[in-house]
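Form predicted alone, single chain, as structure tokens, below.
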């Protein structure tokens, strides 16, 4: 196994991940919301690349079967049921329902890597569970994709990728690319202050400034959710426990 990290969106092209396991990371806040929704019993998360696409997808279902969630610039979309606060996806509002979600960075990234062998989504909240799932794939490479912020590097996704790369390299003796080594070194330097790092990073500070400090603090919690979100047919479902599926 070789571990690679896309530190910014598009650094590793979709055509280059054939046969690899890909993990999409958008800590603040799309993949944190997805993990929380699936852990709360939602049927599936359907990622949309735009507000318009989310509305079009929603029109294909009964109103009682789904909730519509999303944000632009961190702010809930007018007319949607939920924004992108992970704690909105915790509980009966999403249980048994489809969640149709459109966010600025994360949901777009999820839809880009369809030719990969497997696609998971991860964040700090479910890091241990996703690490365990990835470690079952001894016979292929692992690509950790940081969703970034508006096409740029962001600290929070890189720290999460660094956590995953560090653990998997240690557990499996995996080789790391230069970018994976850089993410690992950054994580090892900052692992004792993840909450503070998220509060200080560009997007974390922005979210604090518009009233979402509790979201940032929640998203910094390590491995409190035992859920592996798996992308299947452009939907994110809760992966069953066990080894690689045939």
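Predicted, not measured: the structure shown is a model, and the values here were computed from it. Positions refer to the first chain, counted from 1.
The next section is about a form of this same protein that is not shown, the form predicted together with a small molecule.
K.L.:
Please determine whether residue 30 contacts the small molecule in the predicted complex, using a 4.5 Å cut-off between heavy atoms.
P.N.:
Residue 30: contacts the small molecule in the predicted complex.
K.L.:
Taking the small molecule as it sits in the predicted complex, is residue 84 in contact with it (heavy atom to heavy atom, 4.5 Å or less)?
P.N.:
Although the small molecule is absent here, residue 84 would touch it in the predicted complex, with heavy atoms inside 4.5 Å.
K.L.:
Contact with the small molecule in the predicted complex for residue 149, defined as at least one heavy atom pair within 4.5 Å: yes or no?
P.N.:
So residue 149 counts as contacting the small molecule.
K.L.:
In the predicted complex, does residue 141 have a heavy atom within 4.5 Å of the small molecule?
P.N.:
Because no heavy atom of residue 141 falls inside 4.5 Å of the small molecule in the predicted complex, the answer is no.
K.L.:
Can you check 99 to 107, 171 to 179, 125 to 133, 158 to 166 and let me know which stretch has heavy atoms within 4.5 Å of the small molecule in the predicted complex?
P.N.:
Residues of 99 to 107 come within 4.5 Å of the partner.
K.L.:
Using a 4.5 Å heavy atom cut-off, which residue among 207, 46, 68, 39 comes into contact with the small molecule in the predicted complex?
P.N.:
Exactly one listed residue reaches within 4.5 Å, namely 207.
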